[in-house]
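Below you will find one chain, with nothing else, as structure tokens; this is the form predicted on its own, and questions on how it binds or moves follow later.
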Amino acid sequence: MRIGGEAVKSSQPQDVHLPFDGTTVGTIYQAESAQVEAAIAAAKAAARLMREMTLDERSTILRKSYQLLMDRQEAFAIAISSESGKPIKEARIEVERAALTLLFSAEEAHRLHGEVIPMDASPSGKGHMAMTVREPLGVIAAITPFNFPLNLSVHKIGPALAGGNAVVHKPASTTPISAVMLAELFLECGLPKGALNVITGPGGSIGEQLVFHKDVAMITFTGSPEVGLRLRNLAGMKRVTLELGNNSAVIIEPDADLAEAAGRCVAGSFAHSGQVCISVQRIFVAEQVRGEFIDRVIEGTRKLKLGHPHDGATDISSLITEREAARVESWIQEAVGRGARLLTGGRRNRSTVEPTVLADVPAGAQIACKEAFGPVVGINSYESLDDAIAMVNASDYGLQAGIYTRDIQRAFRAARQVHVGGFMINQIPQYRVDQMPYGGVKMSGTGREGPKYAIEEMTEPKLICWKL
């Protein structure tokens, strides 16, 4: 672990395994209660230093971290691939994205400003002036998932530091290696000791200690709805942002470019074995083009190569654990048992599940109404756009969705009527660039990520008024 800038062990070592074959790739330590307390204390002390830093000083550290991360891209990519089972070519892209997220955070540090308030717009405001400034919250607890262990961590850490906060980071217990590497990198860039602390181990006890602690001002969490709701209920007056997943849907209209739409849906369904919050899980295709679209999706899916994540040609590797792979397999079998048609895939070997395409998935099947977080997509047809919109909205989630059509009127009609945080036109719902506002509605969470928007969540506006 990294607490107050120092390497720290506990009495409870824990091996980290490559999900694909169970190979041990590292050892970390489960934090004890006293070490969580020490991390919070170190962050509290460093928060005073961060608060006094100029915007340019914070930005300079973040720019250095961007460059150093790019210089070490391959080392971080191997770490990500080893701890998460992500194909190495996807891990390299994640490192590039994480570096850009740091660069965007550095730029936003320079833009952290308030506004002048027109006090004399009110009769009692005559002879007064006022302005707002944005001030850091203090200590921010960042709890991050396994699927993008570097970039989703940076989406919390970068804006927090840009806003003048200190961070206690609890990465997923299955993917802690890149988080520790990132903390070491920040120290090299001149970040004050204690401004970024990494504590590793199981989320239950650590998460509750963080959320209850009086010196933690904010919890920012990406993970399951069950854990997110529990944290929010426990947080009291603390600020909380939650990103809790989705079962993303895309609509394919009769006039869509079917070759492009099918190719992008294959990529969006099976990247990182479907372990992406905005992975394409539900496709609604117009009845008129159903057959051709399905044929194209099956053809593209069968071209994907399964293999070891360190092989540069691998498209599909393992899920994070064999238990998760068995769950996804059972959901596929349940859908087929309820009447869905298995078009391709569906078999499991240890923690690897073949990319799977289903058709005519019943609305009550788990694949249709929950987040699969695995390499499986269901394709259903519709008669009218209103029917498709209704089926997309028949979900407890609302992170992102999309439509393929050449008709701008129908595209924007869907964009306005689908209840999600982000809607993509002629793009899959898995599409994300890291500076955009990202977050959902309904059970998908609260708050927004993207450096500009995260900094707003992580700072407080203060009014300063003076009599002339």
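Remember, it's a predicted structure, so these values are computed and weren't measured experimentally. Note that residue numbering begins at 1 and tracks the sequence as displayed.
Just so you know, the form predicted in complex with a small molecule exists too; it's not on screen, but the next bit is about it.
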- Query: Would Q73 count as a contact of the small molecule in the model of the complex, using a 4.5 angstroms cut-off between non-hydrogen atoms?
  - Reply: no
- Message: Can you work out whether E108 and the small molecule are in contact in the model of the complex, taking contact to mean some heavy atom pair no more than 4.5 Å apart?
- Response: no
- Message: Residue-level contact is defined here as any heavy atom of the residue lying within 4.5 Å of the small molecule in the model of the complex; does F104 satisfy this criterion?
- Response: no
- Message: F373 versus the small molecule, in the model of the complex: is there a non-hydrogen atom within 4.5 Å?
- Response: yes
- Just give me the single entry in G207, G300, P192, G346 that has a non-hydrogen atom within 4.5 angstroms of the small molecule in the model of the complex. G207
- Message: By the heavy atom within 4.5 Å rule, which residue out of S82, N147, S318, S395 makes contact with the small molecule in the model of the complex?
- Response: N147
- Task: Please determine, with the chain shown alone, which of 88-96, 165-173, 377-385, 108-116 has non-hydrogen atoms within 4.5 Å of the small molecule in the model of the complex.
- Result: 165-173
